[in-house]
Ligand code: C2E
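In the form predicted alone, a lone chain appears below as structure tokens.
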Amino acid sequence: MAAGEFHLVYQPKFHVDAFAYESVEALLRWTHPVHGAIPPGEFIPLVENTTLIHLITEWVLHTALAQLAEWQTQGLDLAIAINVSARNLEHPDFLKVIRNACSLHSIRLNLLQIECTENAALTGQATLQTLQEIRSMGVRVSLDDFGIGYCNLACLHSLPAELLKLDRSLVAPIVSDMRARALLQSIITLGRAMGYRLLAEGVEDAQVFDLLFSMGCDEMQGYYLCRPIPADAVVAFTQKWVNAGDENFSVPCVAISEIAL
């Protein structure tokens, strides 16, 4: 952090009902001066086992909100999501950190979304209470990697979240596997019936996009739509989408990659 080796990239999320990109996910990246790009899957789990996770999460929060404020000055109105760990949710000052960051950067609380895995959310009563308090503040909560943890159907009536992010392992096989497609359709139908929004991760091609659209998925995210991009590319990307013309709204399963790329 002190050497400035961390930076954020942002992956747009496609909102089906609006047929537009209305939010982004902030993703932490580390470029080491000797070893180059270090995959998040390698360094983040290590950091989560130490108290340094609090410093890094706070840095991500402030950096992302400062960027959101900058986009607002450019006329771009987006919501932003950041990822947190169970250790963050267990910290007694985490709610204060969120309030202070939003106040410092003049960001409305409802434009911030906290993402955590279902396993992190269900580690104990303390994390559940923190998530409930975060929601009561007006901040949105989503459960990441939904469908691969130890959450069961009985938990769905009381999960402290508004959005369930369907893990890519559930999404990837739906084109060729009818059972996988039926399973995903059932989860989407049940989740929406219980008041959740459903976001599909790992949307990699047009066939998957078209199927998810027909299934009633609320939001989508993946390389077919847009890869994680630097902050200075977000405005251009969203403007390119808007400027593509109203004809996109008359074609539900438009090849979005033609616009995204």
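Since the model is a prediction, treat every value here as computed from it, not as a measurement. One-based numbering along the sequence shown.
Here the subject shifts to the form predicted in complex with this ligand, a form of this protein not shown in this document.
Shown without its partner, this chain lists E70, E58, E204, D210 as candidates; in the predicted complex, only E204 has a non-hydrogen atom within 4.5 angstroms of this ligand.
Exactly one listed residue, out of L27, V235, A66, L52, brings a non-hydrogen atom to within 4.5 Å of this ligand in the predicted complex: L27.
Taking the partner from the other structure, this ligand in the predicted complex has no heavy atom within 4.5 Å of any heavy atom of M215. This ligand is not drawn, but in the predicted complex it has no heavy atom within 4.5 Å of A121.
None of the heavy atoms of R135 is located within 4.5 Å of this ligand in the predicted complex. Though the partner is left out of this view, S23 does not reach within 4.5 Å of this ligand in the predicted complex, counting heavy atoms only. Considering this ligand in the predicted complex, the lone stretch of 155-163, 182-190, 99-107, 82-90 in range is 82-90 [heavy atom distance within 4.5 Å]. Taking this ligand as it sits in the predicted complex, the stretch 108-146 comes within 4.5 angstroms of it through a non-hydrogen atom at E115, D144, D145.
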